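The chain below stands alone and is given in structure tokens; this is the form predicted on its own.
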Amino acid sequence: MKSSASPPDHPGSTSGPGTTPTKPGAVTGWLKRLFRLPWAGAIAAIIVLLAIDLMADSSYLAVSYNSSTGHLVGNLIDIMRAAAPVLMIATGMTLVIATAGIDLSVGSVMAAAGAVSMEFLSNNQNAASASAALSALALALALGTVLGLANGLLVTAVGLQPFISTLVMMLAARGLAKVITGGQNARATSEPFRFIANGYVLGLPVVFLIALVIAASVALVCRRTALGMMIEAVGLNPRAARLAGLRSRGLILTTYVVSGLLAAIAGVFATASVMVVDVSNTGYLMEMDAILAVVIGGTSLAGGKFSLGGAAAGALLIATLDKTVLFLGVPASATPAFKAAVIIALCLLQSQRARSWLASIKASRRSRADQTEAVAA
């Protein structure tokens, strides 16, 4: 006859009325799964940077409410605002890189989009009106879309390598910005247009909220439809994707158009914040920040699987790093080296080879510990 006694509890578990048994190592397993996420390294790096800032100033993370303006102010708010343009171009760059391409022209597209919007407003007698601001915004977005379309056609129709075609466009778009403004920095005054980058809603920067909504919308479209899977298929194996019936040219063209459009939005953000476009410096080296954000977010430059959430985390990391560099008073001449050192360290930690090496070291230590315990026994 079977015993009615209940089996002994598992060591480390709890049982009884109103309690739920806890599996040993459940928390550890959850942490391991968390750290396997592509953006886990970026989030960890952000936490480390903020901890360093806190050690330098215990009030660094303080956010206060300005009753006179109704805005939230603080370093975290500044980081949100600075992350918005990087988030835009990183989102577009992620899609392009997922197809095994690259877009080096996003910084110049930012300058061209900012130039056409500032030039339009500076020559418009009703620049202070909302209709003029919307027209300037439409012109900027249209120009970015056209330049992105040109990139896509050079890659798909002409057959140029993405690196070469976008390098050509990088030079052409910057030159176009100078032609639009006559080689001079263009200025304008328009409160509705300025609100895009400097306005607040519910105390938060409008520019960050817009960037977040756009990035979330792109991610939703990619993950709730077959678009994301098709882009990954093209990036992993273009020939197999074509044999499977996918129109790889159309997909690649779409990613470059989206990249150009989002770069134009980033250009509007950059120029609307100061209401001036510097045709030589607006968007300068932003393509590097975008590529770094994408790589830090876990997307491979070889194409295939991509992570838009990781790109967003990478954009926040870039903004946090820039803010930390300024806050710690790192000399301007040493800033690129400091930034590169942090990013290289992060990329090494995310490298599969580095992870395998660390895992082998951990396994060898565990083996030696087991041998020592066996000898002692």
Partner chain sequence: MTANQPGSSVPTSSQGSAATSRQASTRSTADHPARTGGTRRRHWPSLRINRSVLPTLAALLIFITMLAFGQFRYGRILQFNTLSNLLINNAQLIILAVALTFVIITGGIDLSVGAVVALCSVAGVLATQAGLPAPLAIGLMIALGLACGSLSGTLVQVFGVQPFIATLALMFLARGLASMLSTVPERLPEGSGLLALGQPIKLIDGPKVNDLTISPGVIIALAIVAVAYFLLHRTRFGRTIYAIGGSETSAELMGLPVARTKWLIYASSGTLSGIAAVVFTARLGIAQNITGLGWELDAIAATVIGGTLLTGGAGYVLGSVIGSLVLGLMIVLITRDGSVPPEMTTIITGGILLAFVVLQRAVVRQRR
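Positions refer to the first chain, counted from 1. The structure presented is a predicted model; accordingly, all values stated were derived computationally and were not measured.
The form predicted together with its partner chain is left out here; the points below concern that form.
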* To do: Mark Val213 yes when one of its heavy atoms lies within 4.5 Å of a heavy atom of its partner chain in the predicted bound form, and no otherwise.
  => no
* Asked: in the predicted bound form, does Ile343 have a heavy atom within 4.5 Å of its partner chain?
  -> yes
* **Glu287 within 4.5 Å of its partner chain in the predicted bound form, heavy atoms** => yes
* Should Leu176 be counted as a contact of its partner chain in the predicted bound form, where contact means heavy atoms within 4.5 Å? -> yes
* Give a yes or no on whether each residue among Ile102, Phe163 and Gly183 has a heavy atom within 4.5 Å of its partner chain in the predicted bound form. => yes
* Looking at 118 to 126, 257 to 265, 139 to 147, 277 to 285, which one sits within 4.5 Å of its partner chain in the predicted bound form if you count heavy atoms only? -> 277 to 285
* Structure fact -> Exactly one of Leu153, Leu204, Val168, Ala132 comes within 4.5 Å of its partner chain in the predicted bound form through a heavy atom, and that residue is Val168
* Sequence order please: the residues of 308 to 343 with a heavy atom within 4.5 Å of its partner chain in the predicted bound form. => Ser333, Ala334, Pro336, Ala337, Ala340, Ala341, Ile343
* Structure fact -> Working note: in the predicted bound form the C-alpha atoms of Ser58 and Ala340, off by 3 Å or more, come farther
* Asked: How does the CA gap of Thr324 and Ala340 change in the predicted bound form versus this form, closer or farther, if it moves 3 angstroms or more?
  -> farther
